[in-house]
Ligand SMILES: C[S@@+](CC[C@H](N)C(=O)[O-])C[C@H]1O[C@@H](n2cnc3c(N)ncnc32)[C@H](O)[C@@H]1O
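Read the single chain below, which is given as structure tokens and is the form predicted alone.
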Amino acid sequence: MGIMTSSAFETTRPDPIAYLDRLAGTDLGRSYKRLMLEELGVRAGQTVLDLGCGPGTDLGSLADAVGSGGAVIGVDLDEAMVDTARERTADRPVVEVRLGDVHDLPLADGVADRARTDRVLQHVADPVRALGEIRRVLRPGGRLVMGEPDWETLAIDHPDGGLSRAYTRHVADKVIRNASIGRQLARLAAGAGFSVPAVLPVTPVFRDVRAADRVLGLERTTGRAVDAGYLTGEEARRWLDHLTSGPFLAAVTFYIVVAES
């Protein structure tokens, strides 16, 4: 829509696999994934599910944790993701990647000791049904670790706070299907029959506009906010101009929720 042409912003949407790889390679990605793995508490010989495994980002670390006597099963709905994950784990005999839907998992009852979902439930059609499926495939005493942002907590500093609020409202209303899933997970998991021993908030703070844009897609999302009527073109220009010229700060809360069956 041509609001801004600043070199600070990406103008084209990154390829989905490249985006997931890039996020996983950031300090933020590595740190929260490490925390999720610690909370999962995988032991040698266990069967672990990575639901919505994407291009296989986390399958290697799970394979290391279960050892040669365990099993890691990745499930994803996207054929390109599944193909990439299979290629990347071809030298990992304990890893299997299946095409499947988290609402209707291609797995028998009670097959797994551990399961993880990482930024998956914010996008699914029915998180409650997905949680029920995950509980079905976990053994009694099994553990699920979920990581999800709460997009309503997205805070971007700007001299005009109303513009920041409009931007966040647009993201929460229109961009992410289940935008406040982070805060809802503990309740939804309890409703699905899990106990929830821990909820761990992680709040990344971005001080560099380029680093934030690589995660948030600021200019592209602002264009969508204008098209949806949340910001005028003039407001969008003022918003983006300050983000590139003034000191930048943005933060969002990401919840890691531990659930036990």
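Predicted, not measured: the structure shown is a model, and the values here were computed from it. Throughout, we count residues from 1 along the sequence that is shown.
This protein has a second form, the form predicted in complex with the named molecule, left out of what is shown; the following refers to that one.
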Q. Heavy atom to heavy atom, is Thr57 within 4.5 Å of the named molecule in the model of the complex?
A. yes
Q: Although the named molecule is absent from this view, report whether Gly110 comes within 4.5 Å of it in the model of the complex, heavy atoms only.
A: no
Q | is_contact(Gly132, the named molecule) in the model of the complex, heavy atom dist at most 4.5 Å | A | no
Q. Any chance His123 has a heavy atom within 4.5 Å of the named molecule in the model of the complex?
A. yes
Q) Has each of Leu20, Gly52 and Val102 got a heavy atom lying within 4.5 angstroms of the named molecule in the model of the complex? A) yes
Q: Tell me, out of Val95, Ala189, Val171, Met81, which residue has a non-hydrogen atom within 4.5 angstroms of the named molecule in the model of the complex.
A: Met81
Q) Pick from Arg86, Arg165, Arg119, Arg139: which residue has any heavy atom within 4.5 angstroms of the named molecule in the model of the complex? A) Arg119
